[in-house]
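Next up is one chain by itself, shown in structure tokens, the form predicted alone.
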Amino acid sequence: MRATLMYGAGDVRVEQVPDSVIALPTDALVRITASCICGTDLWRYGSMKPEEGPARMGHEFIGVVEDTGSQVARLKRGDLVVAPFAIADNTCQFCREGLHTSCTHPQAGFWGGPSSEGGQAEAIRVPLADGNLVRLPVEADSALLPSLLTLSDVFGTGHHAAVAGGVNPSTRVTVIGDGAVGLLAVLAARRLGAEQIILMGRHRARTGLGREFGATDVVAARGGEGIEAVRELTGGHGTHVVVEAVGTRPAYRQALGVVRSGGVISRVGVPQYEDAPIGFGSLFRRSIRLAGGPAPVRAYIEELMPDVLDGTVEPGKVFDAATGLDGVPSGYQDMADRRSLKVLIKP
């Protein structure tokens, strides 16, 4: 079968690999019908060292169950399923508390890790299938598949950012970042009834989609100028919730500048740093809380799916390009160069 491997920074290849097979009785074998390239993949694309590769790529996918291990009880051949980006058993103490990204099962982890396969491929072995995979009540050729695919990561991550920040009808929200996660954090904040949603981004096509998703204001400026613009829009106080969907130190500093005293910075952009201001002059003095983290999207799939199925929300609009497996290397480059927002893959 064919799969996507990253060999180093800027070096993505689609190659023949051994067929995926059932290895454990809790596995399922899934033929992938839709996957995509994620913004977080671009961090590795820009910095991965050759000695760290090759790595199987892709952590968002929908597919059809082709086979199951002897202990898989919830799924059967022919089921159309979506997989969250974190592998979890959905039964441990942390999973029961809705924190699937901290699952304690020995097979838990993330797609594309040292012992797992990737979703940018023709097929995949899914560990802990009963806990991981969620059946989709549509046909494999449904027009809803792009939106349903976002349940595997970006819509669930945007929703997690809003929930972790405590968004409700009385809150004002700033979203930093106009990538797919930032845009879907806007959608999630609107879904939760936020009073005001300010999107900080400078790419007009993306911020236009952000307005369609529910942004009430757009601020293109960055740094001090951007902070001042947000404060002008909020009576000088800043917003109750700031979603930081980028992951860089400048984005974190910007979040500090626009968050209201007593507010929350909800970080879901994977941090590309370990040290950041959290002391008296930054968080403590103004009673600012820091929240977020890798989204336990498995906890949100059943909650978010009905709104996708009935058309209340259309998160699949973040996909602005599509390709087969042959076009995946170019898809990475297009996203890195910001020619594409998010690339849908149809193996």
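The first residue of the sequence shown is number 1, and the count goes up from there. What you see is a predicted model; the values in this text were computed from it and never measured.
Keep in mind that the form predicted together with another copy of the chain is not shown, yet the notes after this line are about it.
Engineer: Can you tell me if Val64 lies within 4.5 angstroms of another copy of the chain in the model of the complex, counting non-hydrogen atoms only?
Structural biologist: It does not: once another copy of the chain is placed as it appears in the model of the complex, Val64 has no heavy atom within 4.5 Å of it.
Engineer: Considering only heavy atoms, tell me if Val268 and another copy of the chain come within 4.5 Å of each other in the model of the complex.
Structural biologist: Val268: yes, in contact with another copy of the chain in the model of the complex.
Engineer: Is there any non-hydrogen atom of Gly281 lying within 4.5 Å of another copy of the chain in the model of the complex?
Structural biologist: Yes, Gly281 sits close enough to another copy of the chain in the model of the complex that at least one of its heavy atoms falls within 4.5 Å.
Engineer: Can His237 be called a contact residue for another copy of the chain in the model of the complex at 4.5 Å between heavy atoms?
Structural biologist: Contact check for His237: yes, within 4.5 Å of another copy of the chain in the model of the complex.
Engineer: Just to be sure I understand the contacts: of Leu290, Leu42, Ile301, Ala55, which is the one whose heavy atoms reach within 4.5 angstroms of another copy of the chain in the model of the complex?
Structural biologist: Contact check passes for Leu290.
Engineer: Just one of Gln196, Ser102, Gln107, Thr248 has a heavy atom within 4.5 Å of another copy of the chain in the model of the complex. Which one?
Structural biologist: After the contact test, the surviving option is Ser102.
Engineer: Among 144-152, 208-216, 188-196, 258-266, mark the stretch whose residues have heavy atoms within 4.5 Å of another copy of the chain in the model of the complex.
Structural biologist: Looking at the other structure, the answer is 258-266.
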